[in-house]
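Presented below, as structure tokens, is a lone chain in the form predicted on its own.
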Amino acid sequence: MPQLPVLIIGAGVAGLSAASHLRAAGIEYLIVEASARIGGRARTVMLGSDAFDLGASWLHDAARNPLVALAREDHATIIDSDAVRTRRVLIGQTPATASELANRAAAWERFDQTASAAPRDIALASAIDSLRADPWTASIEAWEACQIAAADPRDFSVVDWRINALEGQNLALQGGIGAFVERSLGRRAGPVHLGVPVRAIDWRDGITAKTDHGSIKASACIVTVSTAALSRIALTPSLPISTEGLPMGTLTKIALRASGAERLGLRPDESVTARIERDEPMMSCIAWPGGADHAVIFIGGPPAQALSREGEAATLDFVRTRLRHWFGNTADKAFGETIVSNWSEDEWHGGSYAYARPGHAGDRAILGAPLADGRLIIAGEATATDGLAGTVAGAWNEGKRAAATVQAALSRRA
């Protein structure tokens, strides 16, 4: 069996990045993907004539996001989501007053200061226990952990939260992030062999990857699958660290297409959240993004995982009940066709993105450290240590890092 220079496992953003950088360097590689498509957790589907991103939706922290430049090269239409967004915060069914919003802003500042001052890597929920009496604390905690990090605040490293607290401008792409990844990043990466799941990797002497279609030998290997998928690949020898400290969180996205003229009094790109009590599931909504005829609902963390296990009908029932609570029975008439993401139950991904458990913030760097003198490297959003974990930018940067690592390893062996 001929031996390849580099095998890339996974054709999500990190895998496509690694392939495109190796290709630019003139290094031969083979990229295999278990599923029937490229893009990983960046996926765009159509709802009527509008694009809907089932996974990644924004190019976060635009000033240092390398995909912004690539989108411009691709002549993509870039939308400044922050500039067009308006926000409505409800207390029950009533919009918060200016005074209540000021109290919320002050509570958020106290939350950030208190959590950031935690003396060790404890759970985010434990770090802000002193703030429980504030009526806004539960909502802020759910937003920061469940909605943003797809994590359980009781099982979420406060250090990981602090490192990956995204700042800066958030950009969307007309036509969808997933479509851009498939079109533009896929073109840069070159051919991908789809439907080739890797079941085992032996890296004792060179690389031998066992797939459902036979074995592949390579001098070096870049593994870019999710931590859930990685845990199902038998590695010999075992990795120096397990993936248990970096579980996959769940952020469920639901698109609800408008059934008629009824728009619930919501403006295009208006976001809606509501103040909640502790342990109450949080839901947020963005109405008619970019003028589309659908609203996007977000549910994250343990509530999203529980609903995913129950099935799509349970998720939609929760959403419609919450919308009815917010807007009255009119909400039942406002929406028709629906699409529900289900990343936690997805065979090849097992969740939306990885978060670190308390005491495990350093696991990202350990998992991503080169092995076998740089011949084997794990790379993806889960190994990002630049503050972009959980994002497509983090995955792209990690794929680039992995490509440079194996390129150097091959040069040393030449």
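Residue positions are given as counts along the sequence shown, with the first one as 1. Fair warning: this is a prediction, and the values are worked out from it, not measured in the lab.
Form predicted in complex with a small molecule: not shown, discussed below.
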| item | value |
| --- | --- |
| Contact of His60 with the small molecule in the model of the complex (heavy atom, 4.5 Å) | yes |
| 4.5 angstroms heavy atom contact with the small molecule in the model of the complex for Trp343 | yes |
| Exercise: Ser35 in contact with the small molecule in the model of the complex, heavy atom 4.5 Å | yes |
| Non-hydrogen atom contact Asn397 with the small molecule in the model of the complex at 4.5 angstroms | no |
| Segment assignment from 127 to 135, 197 to 205, 278 to 286, 322 to 330: heavy atom within 4.5 Å of the small molecule in the model of the complex | 197 to 205 |
